[in-house]
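Below you'll find only one chain, the form predicted on its own, shown as structure tokens.
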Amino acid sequence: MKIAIYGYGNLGKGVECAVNAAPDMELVGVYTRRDPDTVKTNGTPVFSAKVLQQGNQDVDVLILCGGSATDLPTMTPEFAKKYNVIDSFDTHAKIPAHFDAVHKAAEESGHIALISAGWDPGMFSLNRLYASAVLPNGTDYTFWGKGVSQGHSDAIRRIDGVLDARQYTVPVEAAMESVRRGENPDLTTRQKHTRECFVVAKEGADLAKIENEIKTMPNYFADYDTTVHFISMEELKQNHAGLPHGGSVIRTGTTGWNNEHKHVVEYKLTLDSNPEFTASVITAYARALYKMHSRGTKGCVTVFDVAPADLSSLSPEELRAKML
């Protein structure tokens, strides 16, 4: 199957690597809004995004590697009119509206689109669904981290006097252990996660002012216990250059006529590279999308609509023999 990438940031680079490792895929091009001559890939040809917009490229699935804030809300429905597409839209509250816009475009054009592939939304979503279906009398908990939040790190870098920054989301261990014991705690935002910030300040900057702006920033830090460390650029590059992340989805529930038996279901991820793992999930779902479209499916779908077997390059016979 012929795969193309739109956008060549951290996620696009991860997709290039994942597609290269897939035995049943060929990467036919990277498309960019930048000057193609300035984009250096690992051997994949680079084209202008303007070529894609003409809608005449020989592509089975187009993987959209734009951002959720401003790119994907317009990009995904636009390209669903011309290609089979997949994105990693991760603004949870806006997923229903995004789905509706993409579904209309894909259904009218006869294409298939999958939105919100990744690990949350994506793999975590599946595990919430499976566990809640199996244990309907129960409670869901989601913990993120320890890992770098790229959005929160960017928010710190916008503060006057900041040169660079990394922000880690850290789950509260006591809260997780309480959940694992089946105690069903009612946890506030502050009780579930803390935030740890490593900041490189400009020379002469007011450190107390920067720290206060971080800790009081609405929608980012104000609702969390936040620790701010001021470090050198050398230390940031040496100790905080990677993009690790992960987390756990836990459901606690009971069975029995008197709910006397407790159960805990946990799915955990520990990721060295958030973008590379996300890219690997997207690539597997691109395979499923190709299979579904070949059977006549059109319109927008999510991970909930995809049969597990469609994700694999193995045949049904191989899956039954090796994995069932």
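Here the structure is a predicted model, which means the values were calculated and not measured. When you see a residue number, it is the position in the sequence shown, counting from 1.
Unshown form predicted together with a further copy of the same chain; subsequent notes refer to it.
Of the candidates 187, 207, 134, 163, 134 is the one whose heavy atoms come within 4.5 Å of a further copy of the same chain in the predicted bound form; the others do not. Among the residues 149, 194, 125, 178, the one placing a heavy atom within 4.5 Å of a further copy of the same chain in the predicted bound form is 125. Partner contacts here mean any heavy atom within 4.5 Å of a further copy of the same chain in the predicted bound form, and among 29 to 37, 49 to 57, 63 to 71, 272 to 280 they occur only in 272 to 280.
Contact between residue 213 and a further copy of the same chain in the predicted bound form is not found at the 4.5 Å heavy atom cutoff. Shown alone here, residue 129 lies within 4.5 Å of a further copy of the same chain in the predicted bound form, counting heavy atoms only.
Using a 4.5 angstroms limit between non-hydrogen atoms, residue 121 touches a further copy of the same chain in the predicted bound form. a further copy of the same chain is not drawn, but in the predicted bound form it has a heavy atom within 4.5 Å of residue 320.
Residues from 36 to 69 that approach a further copy of the same chain in the predicted bound form with a non-hydrogen atom within 4.5 Å are limited to 42.
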